[in-house]
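Only one chain is included here, represented as structure tokens and corresponding to the form predicted on its own.
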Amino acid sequence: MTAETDTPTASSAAPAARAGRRLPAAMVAWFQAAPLALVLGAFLVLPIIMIVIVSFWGATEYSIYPAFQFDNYEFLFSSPVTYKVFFNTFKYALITWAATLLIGFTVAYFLAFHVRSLTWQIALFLLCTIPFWTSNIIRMISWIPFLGRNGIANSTLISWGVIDEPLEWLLFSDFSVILAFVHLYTLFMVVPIFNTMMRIDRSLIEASYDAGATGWQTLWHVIVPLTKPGIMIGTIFVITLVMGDFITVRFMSGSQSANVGRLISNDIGLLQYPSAAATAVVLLVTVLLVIGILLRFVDIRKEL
């Protein structure tokens, strides 16, 4: 009788013991994520919260005072300069995106499908990263002596008889700004597209050719759809970087043009931190909306 009564007790205690052993294991994931969550909270979430709070403060020519008012946002949305600056920002982002996508897709396609040797792929890919071994400012300023009125480009065109006088729009114009943007951020489009193309099953391309598809049909109906996640990741990188960049616009436009980042920089230079914070909040919301719209077209979780 004693053995019979002890057996159910032991069997019922076993699941409880196993549950007790599983409880610490279930908490392991939380403990592993806690350090990163604290870092993100301290260096990402908390600064954004502070920017939002400061955007409602007031400011005079000599001081900043805590308050809860919408004066900064009212001034921002009532000024025609705001809409002009945002238009310039979207213009730079859109043109730069189109140029970097064309160049980035072409380079990635060549490396992924036309370079057969892995050694050459690595070598050529590293060659693309060489400009990133120097500062962005140095790479950007290097265009000034090339595009200037007496620079290499104008001198060469005049010596060839293509033009009679120097082209003024080569430097300190929208052209020079976009050219610098494309130079700075093309690699951010090449890398994700190349990474996606390398994952494409080559048997799909062979099947497309076996079905009678031409090279362009295979490119458009097979390679491009399978490369959409990489294109979307590169698009997010390029658009967010261009919309937040103000140094490039300042130097390459000769301070004759501005984007939202430049507007924030000017407010900070004038110690108008609440106004700068309000502009930063609007820019952040705009970028998040653009990213949200882009993510509805492609599921980039396949690449993460």
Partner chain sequence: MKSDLKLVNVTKRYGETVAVKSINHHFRSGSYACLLGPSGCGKSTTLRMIAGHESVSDGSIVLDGRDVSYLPPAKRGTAMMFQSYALFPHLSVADNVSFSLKMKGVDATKRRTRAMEMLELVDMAKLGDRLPAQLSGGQQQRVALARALITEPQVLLLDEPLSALDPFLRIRMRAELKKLQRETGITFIHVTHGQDEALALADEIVVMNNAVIEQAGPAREIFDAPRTAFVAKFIGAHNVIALPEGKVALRSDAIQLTDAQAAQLSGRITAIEYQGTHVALTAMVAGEQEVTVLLTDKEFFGAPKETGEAIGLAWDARSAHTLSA
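Positions refer to the first chain, counted from 1. Predicted model, so just to flag it, every value in this text is computed and none were measured.
Absent from the display: the form predicted in complex with its partner chain. The rest refers to it.
A.B. asks: Determine whether any heavy atom of residue 209 comes within 4.5 Å of a heavy atom of its partner chain in the predicted bound form, and answer yes or no.
C.D. replies: Residue 209 belongs to the contact set for its partner chain.
A.B. asks: Contact between residue 226 and its partner chain in the predicted bound form at 4.5 Å, heavy atoms?
C.D. replies: Judged by the heavy-atom cut-off of 4.5 Å, residue 226 is in contact with its partner chain in the predicted bound form.
A.B. asks: Report yes if any heavy atom of residue 204 sits within 4.5 Å of a heavy atom of its partner chain in the predicted bound form; otherwise report no.
C.D. replies: Yes - in the predicted bound form, heavy atoms of residue 204 and its partner chain come within 4.5 Å of each other.
A.B. asks: Any chance residue 217 has a heavy atom within 4.5 Å of its partner chain in the predicted bound form?
C.D. replies: Result yes; residue 217 sits at the interface with its partner chain in the predicted bound form.
A.B. asks: Which one, 153 to 161, 195 to 203, 80 to 88, 173 to 181, holds residues whose non-hydrogen atoms are within 4.5 Å of its partner chain in the predicted bound form?
C.D. replies: Stretch with heavy atoms near the partner: 195 to 203.
A.B. asks: Looking at 191, 167, 213, 101 here, can you tell me which has any non-hydrogen atom within 4.5 angstroms of its partner chain in the predicted bound form?
C.D. replies: Going through each option in turn, the one that passes is 213.
A.B. asks: Looking at 232, 112, 222, 95 here, can you tell me which has any non-hydrogen atom within 4.5 angstroms of its partner chain in the predicted bound form?
C.D. replies: Only one listed residue qualifies here, and that residue is 222.
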